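Just one chain is shown here, as structure tokens, and it is the form predicted alone.
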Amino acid sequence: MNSQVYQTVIIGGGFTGLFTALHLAHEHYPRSVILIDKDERFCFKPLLYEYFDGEMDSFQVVPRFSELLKGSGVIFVQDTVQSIDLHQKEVKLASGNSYNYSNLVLALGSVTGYHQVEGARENAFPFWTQADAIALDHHLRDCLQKAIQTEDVEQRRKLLTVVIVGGGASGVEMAATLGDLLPHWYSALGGNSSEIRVVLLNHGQKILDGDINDPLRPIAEKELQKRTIPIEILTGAEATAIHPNTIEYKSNNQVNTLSTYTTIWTAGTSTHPLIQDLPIPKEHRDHHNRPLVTPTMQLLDFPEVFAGGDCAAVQDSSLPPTAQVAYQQGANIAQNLKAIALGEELKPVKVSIRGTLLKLGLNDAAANLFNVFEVAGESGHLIRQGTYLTLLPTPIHDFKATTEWVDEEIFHHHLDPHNVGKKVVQAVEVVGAGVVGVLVARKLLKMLGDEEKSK
């Protein structure tokens, strides 16, 4: 179907795509906006663990696009993109419909990367979407139920062993969550929780190596051992094959096997196939095959096309593939789209890395604020929850408050490296948005007070 000439099409409803759309609506963008995604729900990926373990509800973590965009004027189309014709400025969908655009926003994110490991795609569980979380939940509960019913010791050991491949942030968060959650589930069935085994398999010699969460490694290593079931960490272990009942890995030039019915894959991502298929020359892509974009987030060969988040790389810049980067890019892409519509000058995108948040079990997390202050345990958990809740793009939050207000009030006004303790408490009180902030502030005040007494 042909649409009007002056319209913006956004492909992908992740952080970059959704926040671009919401910002355009908030800024009264003078052109029509169409957001296309294959799913009916937005997935707040940093909180998918909270959805999985029951700490948060679906309406918080995976709200429907129709609810998020209600009253915004943004047209949501649930469909799968079949092809993108950058020369004809046309997007074709699996349904047979097509949309022409004056401006296009590529916000497809990345996909699970299996790195040609034998059997990984077929036999390992990814953890990327709501469907992934539901599938893993059902599988694990089924394993525990079978384990409680069998008298075969070897069979029970396989059912109660979980192997997580990948020692990056996702693997660490998954291992920590299961180290608390599985013993709780199994005990509720009448099982012996000490029989649960959670193994984290990491190719490198260090977990979180090269990750934005690298400064939190000492805390993470300590907290992983404090879970209800301590996590077994195997480093220098490269997964080579995954079968339904075993996983093979190479360590010290030897091939070893682990018997398990549950392998979870968190070992990296790959560039989205639609992005790989774009007519962009190799010299205008990075080493991950992602297209390079200008500081204003435009493709080098097609300036009417913007790209952000995991599916693009900014020229002469190195940004981590995190939610905070993606939503800031979305806000800036929206500003530049409006500038084009009004004939104004485009501005380079400025992304502020505000720190890192790492889930380390039930009611446990670590927070690193601007590499000047670290908080772990329940206090870190409350900071993490409070921060992400403030950023949830739900109808009950004013959008301006969740982006510009948070940016200015918290990260510019409340954090001063010269007075860290006091300012972090102030920041937490604001980030927490109410009760969460008060709880965290009390925790931090007590911590700071105890530190002063010990001096």
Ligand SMILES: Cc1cc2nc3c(=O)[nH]c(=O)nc-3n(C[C@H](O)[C@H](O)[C@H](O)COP(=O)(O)OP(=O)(O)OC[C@H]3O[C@@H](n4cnc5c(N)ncnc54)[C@H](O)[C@@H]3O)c2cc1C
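From 1 onward, residues are counted along the sequence shown. These numbers were taken from a predicted model, which means no experiment stands behind them.
Quick note: we don't show the form predicted in complex with this ligand, though the next part is all about it.
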Hey, of 337-345, 169-177, 154-162, 219-227, which bit sits against this ligand in the predicted bound form at 4.5 Å between non-hydrogen atoms?
169-177
Taking heavy atoms and a 4.5 Å cut-off, does Phe125 contact this ligand in the predicted bound form?
no
Mark Pro321 yes when one of its heavy atoms lies within 4.5 Å of a heavy atom of this ligand in the predicted bound form, and no otherwise.
yes
Does Gly309 make contact with this ligand in the predicted bound form, using a 4.5 Å heavy atom cut-off?
yes
Is Leu274 close enough to touch this ligand in the predicted bound form, meaning at least one heavy atom pair within 4.5 Å?
yes
Quick check on this chain: which one of Ala107, Leu360, Leu382, Ala367 has a heavy atom within 4.5 Å of this ligand in the predicted bound form?
Ala107
Residue within 4.5 Å of this ligand in the predicted bound form by heavy atom, from Thr80, Ser194, Ser352, Ser317, is Thr80
